[in-house]
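Just one chain is shown here, as structure tokens, and it is the form predicted alone.
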């Protein structure tokens, strides 16, 4: 599938790859490109770093609530950054049976710690936020800027893991209304709880049990949303775009990610090879090679070196693409400066859609 097809027809684009390959800038450029062809696109970063805000020059203006960055005719570019705590709180409010249950959960110490700091929570909440944005009538296309590779796989797998946990017999026992403090229905679980109490402290364990009991009745709503998120990530309206650079280490990590997606029954539709060494044509390279020994041949030697690097990058990229027979590939040349504002994103967007 070509980039233009993806931007015109899909509802979700998951932009993934290793760290340091310009993934966040690419995600923003995809949103701008979609706006240029008339779609209402929002880019969301689920990485706790503020690279998205930095890339478009709006560091202090982007939060959990979507912000309109640019209007282009009927097209729009929006941006948002995941706030795990705020999104989790809204889910609790949505699925609680009454205001008393909301208050009990939101004031629980265990909940406050889990919903703000546990990495697995971020993964699930990111998938939930994606589902909410995809169902928001303001947007036609959601572009997700994921954390580096291994964390991105956790994001993909999180909804299924949560759904399985909520269906597990152990979870059903823990939310039983007859479970109070350290007393359990099943004596088989008592050694586990005693050990946990020694590790985290009895008070912390009591908080955890109190939270799980307060959670009773909400699990069906959370489980249903988790299943919907998992279906969306694997569905036909979602495309995965892998951003890489033609270096051996990043391509090795990209291969690991592609294998991980395959295990989850997800295919990569497009590879964007970013920061590729520039090319000046084969003729220029041949001329350079005839002048490298000249007394004043520094410029020619630099040109010959660039040509050699480009040849090596092309060979590594071609080898990598052999394992992704269903994916197309776009090459984007290395830029002379970092992207720090919307003008830079605009230039990058033009490079992505250049013939």
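Keep in mind that what you see is a predicted model, and the values were worked out from it rather than measured. Positions refer to the first chain, counted from 1.
Heads up, the form predicted together with a small molecule isn't pictured, but that's what we're talking about next.
For the three marked residues, 20, 332 and 348, a heavy atom of each sits within 4.5 Å of the small molecule in the model of the complex. Residues of just one listed stretch (46-54, 310-318, 62-70, 29-37) have heavy atoms within 4.5 Å of the small molecule in the model of the complex: 46-54. Site annotation in the model of the complex: the residue of 225, 275, 279, 112 reaching within 4.5 Å of the small molecule with a heavy atom is 275. At a distance threshold of 4.5 angstroms between non-hydrogen atoms, residue 342 is out of contact with the small molecule in the model of the complex.
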